[in-house]
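Heads up, the chain below is alone and in the form predicted alone; it's given as structure tokens.
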Amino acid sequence: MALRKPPLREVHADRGAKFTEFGGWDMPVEFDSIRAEHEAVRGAAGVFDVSHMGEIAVVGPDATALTQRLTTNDVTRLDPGESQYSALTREDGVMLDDTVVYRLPADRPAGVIGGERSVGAPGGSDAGGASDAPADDAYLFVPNAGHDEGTHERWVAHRDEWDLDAEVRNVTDDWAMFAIQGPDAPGLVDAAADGDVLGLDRFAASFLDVAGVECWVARTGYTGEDGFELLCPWGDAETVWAAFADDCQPCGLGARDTLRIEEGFLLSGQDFHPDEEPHTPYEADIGFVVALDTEFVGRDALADQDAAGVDERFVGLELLDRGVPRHGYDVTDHDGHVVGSVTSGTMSPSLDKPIALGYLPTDLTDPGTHVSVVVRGQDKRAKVVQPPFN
């Protein structure tokens, strides 16, 4: 199957980017070097093309009820213009994906979602009788790369099963998405935007003009630094990208990965996967996204696990010996028994030391606990760390 391409694939190629397949997309992995891009974000600012992320829009009288029952957090806590981190789980509580859910404001621009001027292409929509839905009952959420089609199908299937009135639309191919991250990012976005960018709180969002293009501007990110994620129409991607690419470092997925590992952020499909690496939010150490006082798919299983406790938990590991931990490497205890494995690992560009993420039995998860990581057949001493690493 041919790889999906972001709207600026050729623009990035002309800039000298190297590419990699990720989630079915052909994405830039680096422009100059992973280290240079990583350091730019930690010290100044970088701009990422993250148009491989999915976007699903849900609107209608039952949009809240539908999204509430398919995500673990409590969407009723959201006011228009707010967002929350959440998870999608199976009946057994195992995570299918993690996501950010945005509640859209009632005064959103015409054509963004719902009605005959919806941004979604006809082939990606499934109206469900919501054309006259209240304008303020609308959500946009962001599945990870390659999850948009399956997630859209899941929402539609459950909507129909539960006889709910909501339009569900896969708008992934209509939006470009860029992340401007780093200590200088707020100033850069403020300079390019017409509106109160600096007044947005963490996880708040608004429709604002950026470089003359109406964008959904959210104070969110995946690097541990301050910054914004911008959604703009696919056809306006080059205009918005150009507003930042000359003033800060273009960054690829390589630096995005090293940055999020330093923060201990999960990567869907690697740090958890419903079949290959099945874990619940409690095991993945994101129990704060589980609202047990709501009803959602997987709620009962998670309530049972919350009461009983978990047998393993997601932790950070810092190697004390030389070596670079990689995905799949075994983690052993002091007796040499395999007790876990590395799900993500790298040589930290910020700290200049090898770090990793993975799951260990709960009795080995206290910070400072000593274990070993098997690197190319050799045991390398390591200690448990509570991310973020420092």
Partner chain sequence: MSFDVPDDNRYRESHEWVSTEPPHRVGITEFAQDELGDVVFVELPDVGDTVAAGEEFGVVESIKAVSDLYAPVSGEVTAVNDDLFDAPELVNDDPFGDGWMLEVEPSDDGFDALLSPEEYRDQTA
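Source: prediction; values computed, not measured. Residue numbers count along the first chain shown, from 1.
The next section is about a form of this same protein that is not shown, the form predicted in complex with its partner chain.
Site residues Thr258, Arg326 and Arg376 are all in contact with its partner chain in the predicted bound form, judged by any heavy atom within 4.5 Å. Residue contact with its partner chain in the predicted bound form: Leu360 places no heavy atom within 4.5 Å of it.
Interface membership of Arg69, defined by any non-hydrogen atom within 4.5 Å of its partner chain in the predicted bound form, is ruled out. When its partner chain is considered in the predicted bound form, Pro349 lines it closely, a heavy atom lying within 4.5 Å. Among heavy atoms of Asp62, none comes within 4.5 Å of its partner chain in the predicted bound form.
A heavy atom within 4.5 Å of its partner chain in the predicted bound form is found for one listed residue only; from Met53, Ile34, Ala40, Val331, this is Ile34. Residues within 4.5 angstroms of its partner chain in the predicted bound form, judged by any non-hydrogen atom, belong to 318-326 and to none of the other stretches in 318-326, 331-339, 360-368, 42-50.
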